[in-house]
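In the block that follows, a single chain appears as structure tokens, in the form predicted on its own.
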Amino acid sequence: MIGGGVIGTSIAYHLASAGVPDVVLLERDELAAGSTSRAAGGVRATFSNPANIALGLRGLEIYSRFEELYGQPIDFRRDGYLYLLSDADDVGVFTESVAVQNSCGVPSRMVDPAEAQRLSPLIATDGLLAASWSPADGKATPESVVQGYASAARRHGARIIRHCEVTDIASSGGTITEVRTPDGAIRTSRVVCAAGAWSAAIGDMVGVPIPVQPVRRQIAFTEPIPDLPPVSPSLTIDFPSTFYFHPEGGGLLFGWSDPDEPVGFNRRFDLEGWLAGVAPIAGVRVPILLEQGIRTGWAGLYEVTPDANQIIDRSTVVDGLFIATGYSGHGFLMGPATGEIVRDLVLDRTPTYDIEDFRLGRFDRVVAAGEVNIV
């Protein structure tokens, strides 16, 4: 197992608890040091296709019982997701998506601007046409989830080795033979790549292209704000701009995906330049934000695929290579289901989830317009 974030630790736990012998997880830094520790912690099932909805529903189910299952508190709360819509085309798309979600058991619904403001009192409704509300969605603490999965994996016999970078993967006749590190080689015929934004480099080691690119994303936290509403959504998202926020530490956590952010491994937090892009959006949608001081913030990496959907598959080129990466910002919420899927793939069982849309081979064809994960 390569990668010690929520995906890697979930897979390690599910493999070890299923009786797979000699499960070893290698992490080049500390557990959760990559994208997981930079996540906002949102957990949702409000996607536009049933396959992703199923993974989101499993995440909500497991995280709601995580302390009971694994003995680790994760501060899980179901405060809902609210998507703000100011474009008529988006309203149509979300209306269709809500119908799909409802058919899968997600209690989402479309609401008018007045109800959106009642649900998220800090927003301004200027220009809003509608919103999509899903009260069962929520949030949790990513680092705690990783610690819970890691501890459970160890209890079932898995070894977790931190500060151990994978430098190469050897193969013979199309079959993996060992993983090489500065501390020596580990003989194995099976490797799971859960390396997030660094997955392409792992694929290159065995000649398997993994189309994942790193893109910086930033989050900031305001100083405490007096008289914050007692209840607010887990995330309020201005869909056209990607700006989002939720209460955190007496103030607000907020984020925004800069559309001009170049591909690369830049993880430097650049508050001044980033705020120049955030401020005009916040000024329209959450004016109170412009009056607040910034307490802290951080930068992390999205692991982005060409169609913004994850890759969960077994390689058809190199025997023994399994891939779980490219979540494009959704890895935390999909961790529980991914662990189950990869466990089944390793054990040569048919997963209980439909993963056809997640196969690596889909990138061998041109992605049709309807295949892009828009929500």
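What you see is a predicted model; the values in this text were computed from it and never measured. The numbering used is simple: start at 1 and walk along the sequence shown.
The same protein also has a form predicted in complex with a small molecule, omitted here; what follows describes it.
- Stretch-level contact analysis of 311-319, 40-48, 53-61, 346-354 against the small molecule in the predicted complex, using heavy atoms and a 4.5 Å limit, identifies 40-48.
- Interface residue remark: residue 244 is counted as part of the site for the small molecule in the predicted complex, having a heavy atom within 4.5 Å.
- Contact check for residue 136: every heavy atom lies farther than 4.5 Å from the small molecule in the predicted complex.
- Not displayed here, the small molecule is kept clear of residue 339 by more than 4.5 Å at the level of heavy atoms in the predicted complex.
- Using a 4.5 angstroms threshold between heavy atoms, residue 145 stays clear of the small molecule in the predicted complex.
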